[in-house]
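The chain below stands alone and is given as structure tokens, in the form predicted on its own.
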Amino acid sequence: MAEQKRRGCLGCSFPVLVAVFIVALAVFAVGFLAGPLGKSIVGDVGLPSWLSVPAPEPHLPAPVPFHIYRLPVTNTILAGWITVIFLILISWLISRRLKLVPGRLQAAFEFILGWIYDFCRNVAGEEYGRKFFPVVCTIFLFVAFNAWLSLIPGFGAIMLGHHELLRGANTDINTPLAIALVSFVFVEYYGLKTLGIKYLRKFINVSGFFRAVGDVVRGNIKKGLLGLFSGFVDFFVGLLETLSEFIRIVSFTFRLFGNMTAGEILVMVAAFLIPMAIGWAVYGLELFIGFIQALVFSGLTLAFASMAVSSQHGEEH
């Protein structure tokens, strides 16, 4: 009991908590007075100009800071490369020195991978969960760390000439589109690999027409006409299925692009209005949003892949 009283709240003593609160309050006050919101209310109090943040100027097209052999390299492509290198480096560092009693980094890495693997297994079953895990896990980690990378303080402040050197890859519509295409190919590949030609029946189902024509030829007019109507419905449903597959690419792309771009603009505006203060709260929100977007993208990919390999689903269509 005495030890708990000595530690205080959250493992810190009461004087430390008071000091932290005072520092946080001072940072908020300085940020408020340095920003345009505080200046419009209190006026200019003579704070240094470096405390202020320039007005945000968001641009949807990704700038091209440099070229590699005539290949334009946008700042979002560069950020995507950094994300890939980071994930590969972390995986290599952890896997080369695996321990029976893991350290903090290995334990955190194993927890994330174990959680994603259990998620795949619970949705797709033991067999397909193991097969889907590599792609689903890669999508989750890439989307999440792409989102979190742009939240590093100073990430977008590095300039090369007149352009930002780095920008969150998810805010460039080409990156979400590329991930959506990977998800699309992954789902269709496993559907065809598992069900074979039967998988295409949900897209092109004309067997009802042929049966109906056969009934008409054999003189069963009533059954043939009903079969023609049913065959038309099946064919129309197949067209809707085909359309929904391609609409999924658009929906995946704009969901991720819209949420990440809106989040980046929100961080920029918050940092501009009240520098050093509200930005931390918005950062926490964006960390959560990045996790949710990664979970939604990878989770929907997993769900659609599970539906594609389901024999019952293939037979129904």
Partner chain sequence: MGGIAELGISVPTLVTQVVTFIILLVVLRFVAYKPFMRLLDERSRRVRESLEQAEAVKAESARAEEEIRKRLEQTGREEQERIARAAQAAEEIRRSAQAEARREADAIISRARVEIQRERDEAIAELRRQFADLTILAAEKVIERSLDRETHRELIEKVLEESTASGKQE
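Positions refer to the first chain, counted from 1. Note that the structure is predicted; figures quoted are calculated from it, not measured.
The same protein also has a form predicted in complex with its partner chain, omitted here; what follows describes it.
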4.5 angstroms heavy atom contact with its partner chain in the predicted bound form for residue 242
no
Do residue 130 and its partner chain share at least one heavy atom pair within 4.5 Å in the predicted bound form?
yes
Determine whether any heavy atom of residue 114 comes within 4.5 Å of a heavy atom of its partner chain in the predicted bound form, and answer yes or no.
yes
Does residue 43 reach its partner chain in the predicted bound form if we count a contact as any heavy atom within 4.5 Å?
no
Within 4.5 angstroms, counting heavy atoms, which one of the listed stretches 89 to 97, 234 to 242, 195 to 203, 158 to 166 is next to its partner chain in the predicted bound form?
89 to 97
One residue of 77, 144, 124, 151 in contact with its partner chain, assessed in the predicted bound form (non-hydrogen atom, 4.5 angstroms):
77
Checking a candidate spot here: are 105, 282 and 295 all in contact with its partner chain in the predicted bound form (at least one heavy atom each within 4.5 Å)?
no
Do any residues of 159 to 189 have a non-hydrogen atom within 4.5 angstroms of its partner chain in the predicted bound form? If so, which ones, in sequence order?
169, 172, 173, 174, 175, 177, 178, 179, 181, 182
